[in-house]
Structure formats: C-alpha cells, structure tokens
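So this first bit is one chain, no partners, the form predicted alone, shown in structure tokens.
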C-alpha cells in the first residue's frame, strides 16, 4: 500500500500550489475539494439529503449544490456547519479511501483542508501542514476570490488555529517567500517521502 501523506493548511496558505507541485513530480494527489465537487453534482444522493435539510435555495438552476449559497448559510451557524459536515464528510472520505487503496506509486498525497478539524489524521501516515503568515493569506484570498473581510474572518474562525495545525504536523512547509522557494521545499520533501516509502517497503519484505 502506498505511503499516505495528509496535506492540509488554512485557507489561503498555498495548499493548491503545493499539491500541484507534487503532481508535477508524478505524485498522485487525491484532493478532497475535487471529490467534494464530484459528490455535489446534480443527481448525487448526498445533494438530495442536503437539500432536504437546508432547503432548495442551496441548489443551483441545474440541481447541483450551490456552494457559495451553502457556505453563507452554514458558516454563520456552527450547528448547521456540523450537520452539513456529518452528511458530506463520510461520502468524501470513502471516495478518497477507495482511490488511495488503488494508488500504485510509492506514496500519494491526500489533500484535506479540514484534516485537523475533522480529526482524520489517523487515516494518513504523515501530516504535512502548509503554513503561511495570516497577512499573506488574506492578501492571496482577496486576489483570487470575491470574499469579504467578514467572510474570510468566518472561514478562518471555523478552521483550526495555526497552533493546532502545527501541533498535528509531522512535516511543515513554510510558504512565506517566492514560488521558486516553495517549489524547492516541496522537491526536498518529495525526496524524503520517496526514501521513507522505500524504507517502509524494505521493512515489510
């Protein structure tokens, strides 16, 4: 079985840039956000369950989940957010598990934004946290989205704190410089993970 690396970090920390770099090195990346989009398409069973609880206003014209509308609804109410997560997370988790079991490379990346919050660290062999200063994170979020300061605050407050993420980490990539520096840090970890995977395989023989 492939070594499983759980990639996580707060919103705007650079997780996507890091996972894209791993993918460019030939690593299989299993992304919870990508799978979340898959399971919230029109016709998926969990979409009907969510609409039954939160109302048809969380659906778009095509019957898929309107993620922006749902985000506005649940991030203002912790109880609703937990109820949504209880429906979505098991479905996403099972699809990620299925793909991880099929991975044939020495190691794979499971990109899970809420890895720490959902207490799923036990599902992976190592936890990799992408860490970036809050001011930089806010700047990057605003550059790529139309989220207001209030919405950004709500998302950050709903996520684990920086200290909680770092405490859960086996490895940390600090994203506070150039893209070239970030890529170099990923490349170094890639070599390390290959060595760990090889060592594990040898121990199993």
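Numbering follows the first chain given and starts at 1. These figures come from a predicted structure and were not determined experimentally.
Below, we turn to the form predicted together with ligand ATP, even though it does not appear here.
- Message: Residue-level contact is defined here as any heavy atom of the residue lying within 4.5 Å of ligand ATP in the predicted complex; does residue 140 satisfy this criterion?
- Response: So residue 140 counts as contacting ligand ATP.
- Task: Give a yes/no on whether residue 24 approaches ligand ATP to within 4.5 Å in the predicted complex, heavy atoms considered.
- Result: Residue 24 lies outside the contact set for ligand ATP.
- Looking at the partner-bound form in the predicted complex, is residue 197 within 4.5 Å of ligand ATP by any heavy atom? No, residue 197 stays farther than 4.5 Å from ligand ATP in the predicted complex.
- Query: Looking in the predicted complex, any heavy atom of residue 186 within 4.5 Å of ligand ATP?
  - Reply: Result no; residue 186 lies far from ligand ATP in the predicted complex.
- From the candidate stretches 173 to 181, 49 to 57, 36 to 44, 160 to 168, select the single one in contact with ligand ATP in the predicted complex, where contact means a heavy atom within 4.5 Å. Only one stretch passes the 4.5 Å heavy-atom test: 173 to 181.
- For the spot marked by 3, 192 and 201, is every residue within 4.5 Å of ligand ATP in the predicted complex through some heavy atom? Per the other structure, none of 3, 192 and 201 touch ligand ATP.
- Query: Hey, which residues along 1 to 24 are within 4.5 angstroms of ligand ATP in the predicted complex, non-hydrogen atoms only?
  - Reply: In sequence order, 10, 11, 12, 13, 14, 15, 16, 17 come within 4.5 Å of the partner.
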